[in-house]
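For reference, the chain that follows is the form predicted on its own, supplied as structure tokens.
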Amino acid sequence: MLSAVERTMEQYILGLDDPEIFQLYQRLPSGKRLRAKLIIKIAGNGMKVIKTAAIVEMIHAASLLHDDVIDDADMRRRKPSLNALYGNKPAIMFGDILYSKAFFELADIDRRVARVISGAVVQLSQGELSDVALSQKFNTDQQKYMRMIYQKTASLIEASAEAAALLADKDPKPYRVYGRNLGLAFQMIDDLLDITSDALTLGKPALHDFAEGKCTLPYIYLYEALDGSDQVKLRSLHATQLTGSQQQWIMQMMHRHHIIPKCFAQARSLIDESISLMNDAGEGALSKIAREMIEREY
């Protein structure tokens, strides 16, 4: 059914009757289509379901285009980003087009679904703004970090699961919690992989987030575990181009204070709750998606 989602997205873009826009669309990397998979697994393969999945994936793609411009990222999923290929202005405007087209099509789906998804996009935009603000200084507030990743990442996954439940006439509450937990854990694992994976696997340098000014959960926990002089050292390395020895020091401190297992256990706890909810609802396929997400390498 993912092929039907891909065809629907392409039809939406072709409907704009603009070869330049279609060329930009063809350069977009498809990614895992996690949100589309969730919608289809929960609600089946009806036309409204396929359209909703396509709309959500267009919204997600738009957010990534804007995110790459904000972060000055030249790679996306191990391929050149659109802003690297065409410049920031075309990337931003193409993101706006994807958002606008998605909302245009969303109006014909279902009023309840439209409210859930559009509400998530508001949250997503707030999360982007919060991410920029938090990157301006060394953040040690775990609550601010969790709120930001909920808004920026988890809100749209939460909305995907809830919208699908509404389309399928299922109780939306357990699916909403499932999606929220999955989204939070997804971002937490992403933040861990930035530290533990090699550059070839990631498609970007290791410890890239910290060098770019992002103070993710592992760094917050590490800061709390360090003594005064080492805290000062960690702060001094924030948002700088790290040398090999500096990277090695950070990794040694992470290992010494068991930071990676601590963060993974927190993500694992969220996934375990999601699996339990879906097992109770007889949704074995959704439990499988959750397990695969926590075990991924990129």
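Numbers for residues come from their place in the sequence shown, where the first is 1. Everything numeric here is computed off the predicted structure, so don't read it as measured data.
Although it is not shown, the form predicted together with a small molecule is what the next lines describe.
A.B. asks: Quick one: of M146, L207, V121, I220, which gets a non-hydrogen atom within 4.5 angstroms of the small molecule in the predicted bound form?
C.D. replies: Partner contact (heavy atom, 4.5 Å) among the options: V121.
A.B. asks: Out of L34, A239, I260, I70, which one falls within 4.5 Å of the small molecule in the predicted bound form, going by heavy atoms?
C.D. replies: It is I70.
A.B. asks: According to a 4.5 angstroms non-hydrogen atom cut-off, is S81 in contact with the small molecule in the predicted bound form?
C.D. replies: Judged by the heavy-atom cut-off of 4.5 Å, S81 is well away from the small molecule in the predicted bound form.
A.B. asks: Any of the heavy atoms of D110 lying within 4.5 Å of the small molecule in the predicted bound form?
C.D. replies: The answer is no: D110 has no heavy atom within 4.5 Å of the small molecule.
A.B. asks: Quick check on S63: any heavy atom within 4.5 Å of the small molecule in the predicted bound form?
C.D. replies: So S63 counts as contacting the small molecule.
A.B. asks: Give a yes/no on whether K214 approaches the small molecule to within 4.5 Å in the predicted bound form, heavy atoms considered.
C.D. replies: Flag for K214 set to yes.
A.B. asks: Only one of these stretches, 134-142, 223-231, 186-194, 168-176, has heavy atoms within 4.5 Å of the small molecule in the predicted bound form; which one is it?
C.D. replies: Single hit among the candidates: 186-194.
A.B. asks: Please state whether every one of the three residues R76, Y99 and T153 places a non-hydrogen atom within 4.5 angstroms of the small molecule in the predicted bound form.
C.D. replies: Heavy-atom distance to the small molecule in the predicted bound form: all three under 4.5 Å.
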